[in-house]
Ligand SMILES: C[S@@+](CC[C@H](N)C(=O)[O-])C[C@H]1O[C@@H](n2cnc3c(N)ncnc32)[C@H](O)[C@@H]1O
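Taking the form predicted on its own, here's one chain by itself in structure tokens.
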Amino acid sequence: MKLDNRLSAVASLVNKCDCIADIGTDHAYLPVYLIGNNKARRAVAADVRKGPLDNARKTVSQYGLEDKIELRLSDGLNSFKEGEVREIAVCGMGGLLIADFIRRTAWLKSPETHLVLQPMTHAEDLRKTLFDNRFYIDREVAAADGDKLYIALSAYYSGRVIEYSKADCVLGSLVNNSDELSRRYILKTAAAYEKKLAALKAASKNTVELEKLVLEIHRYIDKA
């Protein structure tokens, strides 16, 4: 199994484990790869719809991993019990939806649980939810597939109050990275906020808070 750049970024953050849950598995490429590369002994490939699970079943069968990968119909983590898995990947969906999974799944708040998340949109809202629920982000990576840029982040529950700024939510720990893709991602993000600010100014809207945020974003970038 060879992963595309987007999923390779996720795989790079996964810890070696006994069992991983892949939420939003689609074709089950990630768990097949992780088992094949000895990063996971077993996996639960979960999706909210039957169609993607049928796709996953074909992939699992193709690689002869029926005894190591369980396919499960699940709305997020609803079908999982506390302690069943400690390594959890959630990919291919919006940051708001992932944030909702985190808020409604109390048992995730354990230092033994490791989250690897890849929000396709609203990464800033996901980071804020993690911080508000006392998770810390220890690492983020950027990836490119064609002309599209993606991020993946690794998070653990600390139980401590996390102090953060709005720029922390927007840029995350990517500003600590020295690679070209991380730089491209944060510059693209900054440009999007500048465009939003210009549009609000053109419409004579109140831009005080957004101006402060854009300045803060640029201070973060200048320090990186």
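Residues carry their position along the shown sequence, with the first being 1. Since the model is a prediction, treat every value here as computed from it, not as a measurement.
What follows is about the form predicted in complex with the ligand, which we do not show.
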Original post:
Among the candidate residues Ala99, Met93, Leu71, Ala143, which is the single one with a non-hydrogen atom no more than 4.5 Å from the ligand in the predicted complex?
Top reply: Met93
Subject >> Proximity of Glu82 to the ligand in the predicted complex, heavy atoms at 4.5 Å >> reply: no
Original post:
Though only this chain appears here, would Ile23 touch the ligand in the predicted complex if you measure heavy atom gaps against 4.5 Å?
Top reply: yes
Original post:
Any chance Arg49 has a heavy atom within 4.5 Å of the ligand in the predicted complex?
Top reply: yes
Subject >> is_contact(Asp75, the ligand) in the predicted complex, heavy atom dist at most 4.5 Å >> reply: yes
Subject >> Candidate stretches 169-177, 195-203, 36-44, 49-57, one within 4.5 Å of the ligand in the predicted complex by heavy atom >> reply: 49-57
